[in-house]
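Coming up is one lone chain in structure tokens, specifically the form predicted alone.
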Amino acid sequence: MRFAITMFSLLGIASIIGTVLKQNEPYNDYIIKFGQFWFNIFEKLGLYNVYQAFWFLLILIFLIISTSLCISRNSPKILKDYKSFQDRIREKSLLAFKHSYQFKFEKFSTKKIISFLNLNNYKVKHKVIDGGDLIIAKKGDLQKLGYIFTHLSIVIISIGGLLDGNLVFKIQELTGVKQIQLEDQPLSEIPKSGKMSENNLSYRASILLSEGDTKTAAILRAKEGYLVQEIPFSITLKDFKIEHYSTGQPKSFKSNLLVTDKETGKSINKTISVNKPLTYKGVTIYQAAFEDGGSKLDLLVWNLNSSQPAVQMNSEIFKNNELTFERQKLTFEFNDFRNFNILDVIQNDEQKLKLKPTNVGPNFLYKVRNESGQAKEYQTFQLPIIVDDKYFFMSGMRNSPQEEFKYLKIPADHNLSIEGFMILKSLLNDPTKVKYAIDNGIKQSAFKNIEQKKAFELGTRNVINAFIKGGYDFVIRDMDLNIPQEASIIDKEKAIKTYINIIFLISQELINTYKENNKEKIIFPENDSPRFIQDALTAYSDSFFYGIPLYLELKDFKHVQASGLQLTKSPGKPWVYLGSILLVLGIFCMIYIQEIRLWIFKKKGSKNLIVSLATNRDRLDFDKEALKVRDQIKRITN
């Protein structure tokens, strides 16, 4: 008993861990979450796949053996007692019961007493002892079977757990027959040791299908790699449909599947959705998720620190593009595209500012990897997003998955496009236009002498050049080099404001000149031009912290959906269901059913009747039950 309780306690602790800690996730996710130190400890303990860990399966085996021995030892005695009426009992023993009553009777009718007991759901047996009558009755004897049901349920549930625990694969892995694959490679190149046969007893694998694609095998995630799980049929995704709420939040998604048997060639067409799976040849196909299936992207690549025009780039999700930038070959790895993105955006609702979940439109994720293999990850939204009552194009960058995205905010122009910012950054990087703007600004200023004019012109050029090369940080750095150390903080602050004002005025002059030469276009905001210029200059300055200063503008896309399917073969599930039913029955029998035994003895030649009752649980309500039975029998016999 102590051993079984210990095993139960360990199983309980393991089940809590398996519930709290998400199972079978990629190892990189666990490393990010716990760090390398705790990741190694948890990995050695098998906590990332608790229900298939060796120690968990061993506990189940010991529990099966221990409980089975207990059942085999005690069940014969329980069943014998269940069938027995305990008719070999003496008068002295009956009188010794706690609930034993003796009273005189006038007329003893065996038939009436047995009829009364039958009406009260008693099983009755009549026996003649030494010329006297002994009536033995019992009810609630199913309570004894509760012990067998509960113990048998433990064995059955544990067997179900073993069947789903894939113990065979664990042995194959230990002996080297099966090896977890670590590198991505075509299905045809994966060795036999990296494939699980169709006869694999149990598994939980996944398939990602784009519309129109057909697959004949699934991916079985294992530790830091994967195995290929062969399945006895092929799956074709004919159509994928997703419905959204008004906010853009997914409402439901369905997959129209064509499943074709490999042996017979017969096909079935079935639409599955969440909680409405398809079971075929012992494998249940669940609608688990949806992802991008290789959307086609039409992009423009802008150099944020140059006057060069944008370069067109066409790509697909899960495809790579190469581009040479500043004599270095860069690889663009496109990882994901989302047509809907729900963010909490501040909106004016009945003259009150509130955070509301809002669909902000498509975005795409990609990495830019240099020749040495180092990569920076980017997340860029196609449409402008409201921030502080103004629209900005948002593009986040991070150096590693452990970091949060740091966003570059590019202000939208009059047409809610990115064109205004790109024009301004091109003007800033055009020396001829910058010189013209400076000269034009000097003409409008008054100077006492030529030396003062030349000094102002030189200072302006230095400030603008510093800003163009490195943003506000470069301007402040140059300022620190040129201002005497004895200058006060107030003087430095005044100088900073002066430099920022100069940059602003030159930028304003650049925009005004552009407007005069392009009167047919309305690009820059008319009512709030100063704020647009300030935001654009801030974005230009921040672009020097954007990693690689290449901004990818999403012009158009063709969205390709992909359905994430989960394929489950679980032979232990019906056994677990059966065991659970037996467990409920067993607990019900032991707790809610009360066993009562009744003996009525009339000695030959005596006018006294003995009525004795016994129960397995002597509770207060049984005292009332015993008195009630006594009184009813007294009425029958008198």
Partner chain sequence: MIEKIKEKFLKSYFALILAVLTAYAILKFNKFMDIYEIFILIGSTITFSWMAKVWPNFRDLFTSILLFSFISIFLYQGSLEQIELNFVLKYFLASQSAIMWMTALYPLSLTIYWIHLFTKQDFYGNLATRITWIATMIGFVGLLVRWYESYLIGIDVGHIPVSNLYEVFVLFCLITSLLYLHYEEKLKEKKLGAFVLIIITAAVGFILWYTFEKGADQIQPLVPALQSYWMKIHVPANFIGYGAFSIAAMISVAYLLKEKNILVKYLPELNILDEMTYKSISIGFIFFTIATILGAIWAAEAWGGYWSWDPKETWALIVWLNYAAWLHLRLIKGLRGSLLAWWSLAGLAVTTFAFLGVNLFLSGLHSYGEL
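Note that the coordinates shown come from a computational prediction; the quantities given were computed from them, not determined experimentally. Numbering follows the first chain given and starts at 1.
Keep in mind that the form predicted in complex with its partner chain is missing from the display, and what follows is about it.
> Of P309, G212, P250, P191, which one comes within 4.5 Å of its partner chain in the predicted complex, counting heavy atoms only?
Of the listed residues, the single hit is P250.
> Could you check which residue among W38, W55, F588, Y27 gets a heavy atom within 4.5 Å of its partner chain in the predicted complex?
Of the listed residues, the single hit is F588.
> Are all three residues F8, V274 and S570 in contact with its partner chain in the predicted complex, where contact means a non-hydrogen atom within 4.5 Å?
Checked in the predicted complex: all three residues contact its partner chain.
> Can you check whether Y147 is within 4.5 Å of its partner chain in the predicted complex, heavy atom basis?
Residue-level check for Y147: yes, a contact with its partner chain.
> Using the partner position in the predicted complex, report whether F233 sits within 4.5 Å of its partner chain, counting heavy atoms only.
No - in the predicted complex, heavy atoms of F233 and its partner chain never come within 4.5 Å of each other.
> Looking at the partner-bound form in the predicted complex, is D164 within 4.5 Å of its partner chain by any heavy atom?
D164 belongs to the contact set for its partner chain.
> Heavy atom to heavy atom, is K390 within 4.5 Å of its partner chain in the predicted complex?
Contact check for K390: no, nothing within 4.5 Å of its partner chain in the predicted complex.
> Which one, 223 to 231, 109 to 117, 171 to 179, 147 to 155, holds residues whose non-hydrogen atoms are within 4.5 Å of its partner chain in the predicted complex?
Residues of 147 to 155 come within 4.5 Å of the partner.
> Does any residue in 377 to 410 get within 4.5 Å of its partner chain in the predicted complex, counting heavy atoms only, and if so which ones?
Result: empty, none.
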